[in-house]
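Below, in structure tokens: the form predicted on its own, a single chain.
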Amino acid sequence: MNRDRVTAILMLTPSVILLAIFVYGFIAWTGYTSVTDSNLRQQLRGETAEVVGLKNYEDLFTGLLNKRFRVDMTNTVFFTILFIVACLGVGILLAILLDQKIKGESVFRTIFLFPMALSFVVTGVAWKWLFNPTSGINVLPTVIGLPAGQFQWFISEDRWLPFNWHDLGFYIALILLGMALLFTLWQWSKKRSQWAAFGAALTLLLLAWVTLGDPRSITPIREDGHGFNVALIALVVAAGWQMSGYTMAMYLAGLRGISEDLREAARVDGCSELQVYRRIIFPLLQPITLSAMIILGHISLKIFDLAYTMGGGNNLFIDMPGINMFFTTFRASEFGRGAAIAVIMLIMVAVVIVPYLYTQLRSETHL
């Protein structure tokens, strides 16, 4: 082993040790705590926490007293989808407009990127004022003599697309069945017979499970009160306003990386401007879209400060798992259940991040 390698190892060793202890060590300890019944009462009495297995996780998803967590999971799914769609849509629109070499581009680019310099706390406070039903955006129509708006924004109690948590397993089964069917048709169109056969077998298996099995019983009783809470619109607008500039910057960099000769060649071949974007530019921007979706997805899955600032922690219509974990762990002092929520959040983020990191590292290896 040469001297340079020894020096590199010695320089990296302290960081590796600290990372192992304060990141992965604490993750492992949180995972252990999540399978115990640890709470403050035990610690005050000097008792030892007992291992209860997956009971905390089972209670969170099926227990009668943990409806708040299930509402949080529903909110997270809807918020994540709308947040990503809003950021990508606004971001690419702004990038296309700036890519037209408009006058004062640097000024507009700075304005669009400025919200990223703010914290989610500041953003939450500002938009909470704007969305105040009695003094915010709702009173703007009165300036021109129209009646004030009646939308309740982040305190709205309306709900769209309601469903019952008891039937969640059935909905998941239908979604998986649809995905398997689409996969089969896609592989068949690509003339990949072996994968099409696998997809067909999977489709038949899921169809049998839906029709002959019983994928409904998630909770022992029917549990209404789930769906898209309209109050989430305010949260999506605030978060999208802050992060759209980020996606704009990514898309603008991608647009500037596409050769103008390629666009001109497409125009010479008879493509309209819309077809140039549809056939040339958008396909070339797919890696950027994927990267943006991954980054925005992990931000939305662990969001805490924006929802807490706008809702105060008590507004269940915009509640998120991070807020629930904070109250469960540090207010209710139920450490085992709070750790279980934290582990579930970690798994959700890992499901998004790990495949992306794997594909990135694999692509770098082949370079």
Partner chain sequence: MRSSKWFILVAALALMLGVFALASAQDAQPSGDLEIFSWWTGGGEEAGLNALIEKFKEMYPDVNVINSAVAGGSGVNARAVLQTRMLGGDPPGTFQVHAGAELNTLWVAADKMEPLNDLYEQNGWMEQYPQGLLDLISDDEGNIYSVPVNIHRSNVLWYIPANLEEWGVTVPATWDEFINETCPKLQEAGVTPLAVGETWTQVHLWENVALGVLGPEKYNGLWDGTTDWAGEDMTQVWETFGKVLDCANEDMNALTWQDASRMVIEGKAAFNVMGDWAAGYFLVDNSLEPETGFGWAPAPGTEGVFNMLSDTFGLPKDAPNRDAVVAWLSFLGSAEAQDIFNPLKGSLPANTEAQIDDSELYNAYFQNAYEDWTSNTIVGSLAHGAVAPQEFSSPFNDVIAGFQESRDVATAQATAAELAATTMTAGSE
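We call the rigid core whatever largest set of C-alpha positions still superposes within 1.5 Å between the two forms. Computed from a predicted model, the values in this text were never measured in an experiment. Positions refer to the first chain, counted from 1.
The same protein also exists as the form predicted in complex with its partner chain; that form is not shown, yet it is the one meant from here on.
Although the partner is absent from this view, R159 contacts its partner chain in the model of the complex, with a non-hydrogen atom inside 4.5 angstroms.
Contact annotation: A332 falls within 4.5 Å of its partner chain in the model of the complex, judged by heavy atom distances. Not displayed here, its partner chain is approached by I155 to within 4.5 Å at the level of heavy atoms in the model of the complex.
For the chain shown alone, N314 is a contact residue for its partner chain in the model of the complex, at least one non-hydrogen atom being within 4.5 angstroms. Using a 4.5 angstroms heavy atom cutoff to its partner chain in the model of the complex, none of L174, S189 and R192 count as contacting.
Contacts with its partner chain in the model of the complex, taken as any heavy atom within 4.5 Å, map within 32-49 to L40, R41, Q43, L44, R45.
S333 is not among the residues whose C-alpha shifts by 2 Å or more between this form and the one not shown once the rigid core is aligned; its shift stays under 2 Å.
Core-superposed comparison between this form and the one not shown: the Cα of E47 travels 2 Å or more.
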